[in-house]
Structures are given as structure tokens and as C-alpha cells.
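Take a look at this single chain, the form predicted on its own, given in C-alpha cells.
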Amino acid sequence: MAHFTKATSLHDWLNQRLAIDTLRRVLATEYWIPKNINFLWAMGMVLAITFGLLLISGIFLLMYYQPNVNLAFDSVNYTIMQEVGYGWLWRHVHGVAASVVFLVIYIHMFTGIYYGSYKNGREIIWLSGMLLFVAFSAEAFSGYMLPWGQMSYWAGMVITNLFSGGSLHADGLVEWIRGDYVPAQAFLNRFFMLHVLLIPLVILGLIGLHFGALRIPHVNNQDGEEIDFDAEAKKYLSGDKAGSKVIRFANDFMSKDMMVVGIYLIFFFYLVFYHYDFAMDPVNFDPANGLKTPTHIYPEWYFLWSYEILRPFSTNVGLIAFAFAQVIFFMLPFLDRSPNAVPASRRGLFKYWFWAMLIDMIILTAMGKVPPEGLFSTIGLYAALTFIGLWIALPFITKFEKKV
């Protein structure tokens, strides 16, 4: 049985029961971060802040949103936007955050690829991060259904049709997901539950896993230097802070994080007040109508690259290519056969692979927004083939990479 003594303060009382000093030491004051990192390492904190903004704004929107096919559209576009005091502000915050969070995710993801932050025992960090990407994607898609506008309805129709499996004709699975033959009340109910309860809980759990996975291998650094964290921590604690190669997570590294977060929030609220329209598709300001198909159906910008991989091919081939695109990033730690965990600029052919992949995904994103006609269709096809080819080539170009 644990031994408790008379507490001398509230802190002491809590510490005897919750070990808050140990928790703070393990997760903050003795969690060591390399000094030689740049502002890109703050993207994790920026993501956490953005997720917090999504939660807070979502709670306020939830107070007035009506998950009913006859009321949802008006509850968003009339009640929240016009009747509720500052309802427009909370919707703008939520819409902009839902879009910007993916910009930060992609920056965070490609920073990890560039610096090899998925290697040398950091595989769980990468895998948990990719699971977070999938969870945020599911959260964004489920939220996109809730305004029940034209693009909400038809995006839901198109995406759920993917589960039919092309020539497999798994129509029963599609109907099971929708709860009906077409998106209707059961469909809205299910995606409302996923958006406000189930997926946020999954995201919170994955954030804990992602942060916990950093604890043993520690974060990588921009030079790819192998650091003896125990030795450098002893040097820091003995008073040689200038000579040590590490700093505390709290409050040394956090102060740097907060500076980047402050700059980010200026950019974020500039978008909220002056350019929020980029996060709201004009087609979605028309009520859902199952009898009127929009001229051009497309997802939000952060899904366009994978949508364009699906689109140029026949149904079955397109579904295979789309499935390939969804899972291949998970395989990166195992496809990269190089022993080097250093910046891509020092990795021979991988340097060209990285920039080719980044440029190709930008091209895919641009082509996914335009109708698949003429030159655009040809560019989209070659960009999709290039994406697949780059991943097939990765094990071969990294296998013979020299140790740096």
C-alpha cells in the first residue's frame, strides 16, 4: 500500500496521489530537445494550437447546429451566420482552421521526410503521425457533410461510392455506410456523430501516442547529428548550458515554439477576418439537392492530390491507384533503405526524389481542381504516373546510398 504523509500544500497533496512532479519531469523539464533545429520543428505545437481552435469553435457551433436534413443548411447559413451574436466569427474560425490545419500538416510531414525523421528508431513517430493525418482527413470529410449544401451532398455521394469497389459492386457496403440508398438523414446522423465525438477522441488518443513516441528516440535535428542525450543532459544540469547540445522542452524550447505560434496566429486571424472565403466553397452555399448534380464535383484542396490520382484512370485501376496513394506514405520508413538520417540535401539521389515528389504533389493538387479535359487531363495522368513511379523507385535509389 502506498504511504501518504500529511501534505504541506495543495501541490504536495496532489503530488503524493498523481505524481505530478514525475510527470512534469518526464514530459517537460527533463524531456530534452536538440539545440540545432529550426522553426519548422514548431509545426507540431502549431498543429496542437489549431486543433484547440477547432475544438473551441466547434463547441460554440454545436450549440446552434441542427443535424437534420431539413434544418442543417439554415442552421448554419442563417441562424449561426446571421442571428447568433458573433456566430459568423466562430464559423470563420472553424472553417479557416479546418483548411489551414492541413497546410501545417503537409509542412510538418515534408519536414519529417526531408530531415529523415522517420529513421533510426523513430518509425512509431512517423506511423502515429500518419494515423493522425488519416484521422484529421476523416474529421474534415465528416465535417464537410454537416452544412448540407450542394457540394456536401455530392462529395458524400462520390466518396461513399468509392467503397463499392468498382467491378466488385459492393453496393451493400455503400448502403450500410450511408444508412440508405442515397445520402439522407441516417447519413447525416452518422457523420455528425463521427465529427463531434468519435473521431475527436481518436485524434486525442493519437496525439498522446505521437508525443509519447518522441520520448525515447527524441526528435531529430537539422544536421542529422547523433546526440548522446543522457550525456548532454548531465552537462546541461551541471550548469554548462552553453556547451550542452540540448535544451529543456519546458520552458526553453516552448518559448521558441510560442514565438512561431504568435506569428502563425497573426497569419491565421488575418485569414479569418479578410480571406475566410478561400475555405468555403461557393457551391456549398446552395442547399443540398439530390436531383441537381453540380457541373464539376471536387473535394477540398487538401484532398485534391489523391483525387487526381484516382481520376485519370479507368474505375478499377483508379481505385487501386487511389488505395496505393492512401497507404504508401505509411511505408516510407521501410521503403527508404538508406542508413542515413540526415537532410535530403546530403543524400545524393534522394535529394532529387524529395523535390520531385513535392513538386508532383503540387501539380496533382492544381490539376485536381480543374475539369479533366484536354491538356489538364494529360498533365494529371502523367503526374499520377510519376507519383506511383517515384514510390516504386525509392527502395532502389536508397539501397545503394553511401553512408554519410
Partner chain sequence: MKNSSRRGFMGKAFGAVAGVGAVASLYAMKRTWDPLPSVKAAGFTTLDMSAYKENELVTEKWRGKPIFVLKQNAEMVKKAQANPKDMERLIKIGNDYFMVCVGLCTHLGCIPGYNPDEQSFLCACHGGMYDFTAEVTKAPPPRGLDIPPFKIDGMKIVLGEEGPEYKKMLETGVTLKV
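Positions refer to the first chain, counted from 1. Keep in mind it's a predicted model, so treat the numbers as computed, not measured.
In what follows, reference is made to the form predicted in complex with its partner chain, a form of this protein that is not presented.
Problem set entry | Answer range among 115 to 123, 135 to 143, 302 to 310, 255 to 263 for contact with its partner chain, defined in the predicted bound form as heavy atoms within 4.5 Å | Only one stretch passes the 4.5 Å heavy-atom test: 302 to 310.
Exercise. Pick from Thr79, Gln326, Asn251, Thr315: which residue has any heavy atom within 4.5 angstroms of its partner chain in the predicted bound form?
Worked result: The residue in contact is Thr315.
Exercise. Which one, Arg190, His210, Lys235, His92, lies within 4.5 Å of its partner chain in the predicted bound form by heavy atoms?
Worked result: In short, Arg190.
Exercise. Looking in the predicted bound form, any heavy atom of Tyr181 within 4.5 Å of its partner chain?
Worked result: Flag for Tyr181 set to yes.
Exercise. In the predicted bound form, does Glu175 have a heavy atom within 4.5 Å of its partner chain?
Worked result: It does: once its partner chain is placed as it appears in the predicted bound form, Glu175 has a heavy atom within 4.5 Å of it.
Problem set entry | Distance check, Gly290 to its partner chain in the predicted bound form, heavy atom within 4.5 Å | Close contact exists here: in the predicted bound form, Gly290 approaches its partner chain to within 4.5 Å, heavy atoms only.
For this session: Spell out, yes or no, whether the shortest heavy atom distance between Met157 and its partner chain in the predicted bound form is within 4.5 Å.
Result: Yes, Met157 lies within 4.5 Å of its partner chain in the predicted bound form.
Exercise. Quick check: do Gly52, Ser57 and Asp281 each get a heavy atom within 4.5 Å of its partner chain in the predicted bound form?
Worked result: Result no, not one residue of the spot touches its partner chain.
For this session: Heavy atoms within 4.5 Å of its partner chain in the predicted bound form is the criterion; list the residues of 157 to 173 that meet it.
Result: Those in contact are Met157, Val158, Asn161, Leu162, His169, Asp171.
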